Ligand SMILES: NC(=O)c1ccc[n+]([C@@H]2O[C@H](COP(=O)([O-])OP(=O)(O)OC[C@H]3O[C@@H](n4cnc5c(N)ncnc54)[C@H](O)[C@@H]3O)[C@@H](O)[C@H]2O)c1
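Okay, so here's just one chain, in structure tokens, the form predicted on its own.
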Amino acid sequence: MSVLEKAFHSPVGRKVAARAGLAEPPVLRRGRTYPGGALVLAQIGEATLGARTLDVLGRPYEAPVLDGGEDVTPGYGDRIGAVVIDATEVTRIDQLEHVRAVLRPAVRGLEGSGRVVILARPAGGDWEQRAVARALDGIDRTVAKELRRGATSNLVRVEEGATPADVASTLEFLLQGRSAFVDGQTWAVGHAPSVAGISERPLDGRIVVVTGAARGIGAAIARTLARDGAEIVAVDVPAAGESLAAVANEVGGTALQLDITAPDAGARIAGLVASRGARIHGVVHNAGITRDKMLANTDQSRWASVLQVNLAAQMRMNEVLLDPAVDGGVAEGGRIVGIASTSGLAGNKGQTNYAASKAGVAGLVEAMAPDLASRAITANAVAPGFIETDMTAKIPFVQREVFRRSNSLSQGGSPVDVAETIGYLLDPASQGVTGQVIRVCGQNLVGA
């Protein structure tokens, strides 16, 4: 349970919620758990990708018959756990009727924390094909807002040439509880020449560097990646040394006290890893700061400090760690994951400096991805929304409650939700996912 879920399910929380007229938020399914109910696969037209991908995952499914009648709504029996719609062959407006037919009973019959996953193609082709591609995106975002009891909907754009092996890790992530706070989102999966198989410990024996690891989201990232087998190098400023050591000891990793804005930060990280005769599999740029003020009150120092920590330091570290000649740098087939923010994607009053830095992170990974493709290194970003941490707990109650409720899941996310999404991106099986920004925000209603 998240902090918010625990608060609402406590006697005091229930009393306060009742007086305020607030319904209890749904308890979200989390972890490497699949839905309990049946998995329904709807294959529209001649589509076969969904079936072949579920076969890779070893997941049994039921397939309704779409007969093209006036009302082809399939009848579902028992409550269903997930609906996967293979719309990769949908190119015409009239084919969208099949999507409606499948979803109509699904939005009513999904179990708590159920899933809708739509597989489609990137926008391309003639005018109608491009319009239909965007129409599917509109369907996904709207269905996500209509689902209840913690159910989510997401759309995956599968590029031509991508195989079931390329798509498997993404479909697994979206069906499992690891994607609990990812809702109403769209991202792309391409083809990779070599893709690892699905594993419950995909990071076994691989070194992952996590900055800002002493507390909050960073600590959750370290714990989750260690669960998946990673050897953690936990990095944070010397002032957080005691907390950093505690996290590193908990996950069996190594603590490195380091100010990431130091000119030699990248070299020091590489030197530590090189001393083990190893290279880095993944770098998670989690460290960040806020210095919030309205732009009219933001001076040069406040502006520069945020841009330096949240963006410029990452670029300097990447230049060193991505240099093939640097011992202890990022290995071929490695991963770079930045932390963006919904504030950067949608804007947020009083956070111009922070929004600039986080939008910059999104732009950085999009720019890096094609340049690193020849080395099979992926670059992606995660954009959290309102996540329950010690920092957000200090926000006044009414304001905090507004932030919590301003999404389709009616609650704040947990640090582990961010961590699980990062774990998915670090997975060797996610080789076909690069240059993407995934929002972990419960479909925040601002900029959604």
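Residues carry their position along the shown sequence, with the first being 1. We call the rigid core whatever largest set of C-alpha positions still superposes within 1.5 Å between the two forms. Fair warning: this is a prediction, and the values are worked out from it, not measured in the lab.
A second form of this protein, the form predicted in complex with the ligand, is not displayed here; the remarks below concern that form.
Taking a 4.5 Å heavy atom cutoff to the ligand in the predicted complex, the contact residue among Gly50, Gly423, Pro384, Pro35 is Pro384. The partner is absent here, but in the predicted complex a heavy atom of Arg215, alone among Lys293, Arg215, His191, Arg227, sits within 4.5 Å of the ligand. The closest non-hydrogen atom of Pro202 lies beyond 4.5 Å of the ligand in the predicted complex. Among heavy atoms of Asn286, some come within 4.5 Å of the ligand in the predicted complex. Using a 4.5 Å cutoff between non-hydrogen atoms, Thr261 counts as a contact of the ligand in the predicted complex. Taking the partner from elsewhere, Val237 is found to have a heavy atom lying within 4.5 Å of the ligand in the predicted complex. Comment: 229-237 is the region of 164-172, 229-237, 105-113, 92-100 lying near the ligand in the predicted complex, near meaning a non-hydrogen atom within 4.5 Å. Using a 4.5 Å cut-off on any heavy atom, the residues of 357-393 that reach the ligand in the predicted complex are, in sequence order, Lys358, Pro384, Gly385, Phe386, Ile387, Thr389, Asp390, Met391, Thr392.
If you fit the rigid core between the shown form and the other one, you'll see the Cα of Ala393 move by 2 angstroms or more.
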